[in-house]
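Here's a solo chain for you in structure tokens, the form predicted on its own.
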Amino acid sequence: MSDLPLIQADRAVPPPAATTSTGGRRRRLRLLSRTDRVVITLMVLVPLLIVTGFVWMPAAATVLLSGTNWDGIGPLNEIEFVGARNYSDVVNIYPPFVPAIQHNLLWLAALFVVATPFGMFLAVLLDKELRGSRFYQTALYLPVVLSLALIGFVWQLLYSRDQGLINAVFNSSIDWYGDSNVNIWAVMVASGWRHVGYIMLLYLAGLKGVDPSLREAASVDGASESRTFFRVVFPVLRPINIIVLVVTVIESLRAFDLVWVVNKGRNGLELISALVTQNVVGEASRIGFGSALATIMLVVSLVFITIYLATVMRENRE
């Protein structure tokens, strides 16, 4: 009987501590066959090479070329480095730059203040599983799969001065794409039409992941639907909100296809992306100058992308 407590004590002793994560990882690697190791290496290496070759190297080359006066024709060994002169010229002596900045900011405001809240509103309605919600989801998301260039042609059927539907309905003769006073608003409506479907899908996916018990608890406390959404549901959607913010900023910066189809980014449709194309692949062929414009776009985009990545990494640590 005297040995029984000792036996029980031995049983109560916790098992040895598990091996460290590093040791466990090495053990799992030893269990992998050579074929598995080759496959894993290729799955990591191939995407890394593609991203490096098609994203990071061109971005680095753009930043380097922004400090040169290369015209894209002469040999590389004759490139002359001019420092920050291209950036100074962009700001001080390049007339389309200020209107392009204004139009990009206006584009961002239109997407952020009008299109994004409307897409969120549609997502809230479709989350209620209304009759025919699948059809509405498909119809609203359909413009997203279309390119902005194709959307420009589609809206040309509405905006045409002579045969457009809008002028026919209102018996007017407005040149929606040609008049510099209204064309920026016309193309923003077309762009917003596409943006609404994208935002709707993002928020709809986020709403499907919200715990139903949160809404039930708010309903028991007597909160209205709008109060429940803004006080309970919307804070839970914080990761989606960050993604939407980044997507909206990037969409406002890369708004190129639509204005290029309309009038190549001139006559009231100046945008930074269109100016980059005009200088790099246009008749001017000013690679260094166009690279400076592209670098400005890159820096602005990286600010918001960095905010997004920092937020995601902080939430993963928590």
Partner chain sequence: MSRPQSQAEYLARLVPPSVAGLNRRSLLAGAAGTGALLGTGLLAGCGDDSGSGGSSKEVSLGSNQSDPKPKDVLVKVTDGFKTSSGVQVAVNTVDHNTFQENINNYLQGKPDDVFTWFAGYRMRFFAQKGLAGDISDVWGKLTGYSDAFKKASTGDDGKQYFVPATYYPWAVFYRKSVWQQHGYQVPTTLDQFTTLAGQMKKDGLTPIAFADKDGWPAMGTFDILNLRINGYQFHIDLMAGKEAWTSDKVKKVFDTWAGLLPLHQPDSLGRTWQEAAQSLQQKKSGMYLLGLFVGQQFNNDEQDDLDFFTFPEIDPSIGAKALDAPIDGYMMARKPKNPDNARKLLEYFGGKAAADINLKNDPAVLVANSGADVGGYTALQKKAAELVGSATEIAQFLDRDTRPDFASTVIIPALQQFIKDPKDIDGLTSSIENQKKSIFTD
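For the two forms, the rigid core is made up of the largest set of C-alpha atoms that agree within 1.5 Å on superposition. Residue numbers count along the first chain shown, from 1. Please read all numbers here as calculations on a predicted model, not as lab measurements.
What follows is about the form predicted in complex with its partner chain, which we do not show.
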- Query: Should Ser252 be classed as touching its partner chain in the model of the complex when contacts are defined as heavy atoms within 4.5 Å?
  - Reply: no
- So in the model of the complex, does any heavy atom of Phe170 sit within 4.5 Å of its partner chain? no
- Message: Using a 4.5 angstroms cut-off on non-hydrogen atoms, would Ile272 count as touching its partner chain in the model of the complex?
- Response: no
- Any chance Leu64 has a heavy atom within 4.5 Å of its partner chain in the model of the complex? no
- Message: Quick check on this chain: which one of Ser160, Asn104, Thr228, Gln137 has a heavy atom within 4.5 Å of its partner chain in the model of the complex?
- Response: Ser160
- Listed residue that, although its partner chain is not shown, lies within 4.5 Å of it in the model of the complex (heavy atoms), from Ser133, Ser180, Ser147, Ser219: Ser180
- Note on the structure: Of the candidate stretches 67-75, 111-119, 194-202, 236-244, the one with residues having heavy atoms within 4.5 Å of its partner chain in the model of the complex is 67-75
- Task: Could you tell me if all three of Asp89, Val262 and Val281 have a heavy atom no more than 4.5 Å from its partner chain in the model of the complex?
- Result: yes
- Task: Answer yes if the CA of Glu216 moves 2 Å or more between the shown form and the other one after aligning the rigid core, and no otherwise.
- Result: no
- Query: After the core is overlaid between the shown form and the other one, has the C-alpha of Asn86 moved by 2 angstroms or more?
  - Reply: yes
